[in-house]
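Here you'll find one protein chain in two forms, each presented separately as structure tokens under the names structure 1 and structure 2.
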Structure 1
């Protein structure tokens, strides 16, 4: 207990099954990363090459950003894992407050016309 908090371990206590699952998960992480790179490329190409009309480009890149947000949160930051209930609750409340904050600031500053 308290005495082995600062001693290192010679081996992992992971069972074969757990190790297999961990390796599988790691592979999924790399796929998620490849997807993120693809989405980023798509966003840069959409704006840089002007392939799509400007009116559609902004909602398009915003959607891509939100997909990336969820890939990062769910896969890289493990929010999809079973024992992350409270972590999810905290992060979700932060994001729920963030949206009206952004909208309100944009509108308020826009109305005053600096």
Structure 2
């Protein structure tokens, strides 16, 4: 029985359709990763080289951060896939609770400039 463990498989246990879907998912993840690296570099270059006005720097970085968050949730947390209904519900409820709490804390502290 242990003799078969050292031999390689002649064919994958996955079907051709599963292999095709896995390869497509890997391509999408690589593209999403490259896009996130680009967004990070764009934020650093735009602020570092003063390409954007100083008053718009923080909203610009926040916009890029939300785009990155969206990409990470979809492609690396797999929230776009089926059978993730509970995870989606918890993430949505967390955002519904977190956004007003952060806004209220900003108002209480007096950080709101925008």
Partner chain sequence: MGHAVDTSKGLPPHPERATLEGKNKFLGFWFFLGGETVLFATFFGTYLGLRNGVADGPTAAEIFQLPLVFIMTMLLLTSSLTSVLAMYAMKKNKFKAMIAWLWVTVLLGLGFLGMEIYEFYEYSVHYGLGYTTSAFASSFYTLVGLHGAHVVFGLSWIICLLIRYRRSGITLTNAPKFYVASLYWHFIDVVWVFIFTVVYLMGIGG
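Note that the rigid core is defined as the largest set of C-alphas that superpose within 1.5 Å between two forms. Residue numbers count along the first chain shown, from 1. Worth saying up front: this structure is predicted, and the values here are computed from it rather than measured.
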* **Label of the structure corresponding to the form predicted together with the partner chain** => 1
* Any chance the CA of residue 90 moves 2 angstroms or more between structures 1 and 2, core superposed? -> no
* Under a superposition restricted to the rigid core, does residue 99 display a Cα displacement of 2 angstroms or more between structures 1 and 2? -> no
* With both forms fitted on the core, how large is the C-alpha shift of residue 11 between structures 1 and 2 in Å? -> 8.5
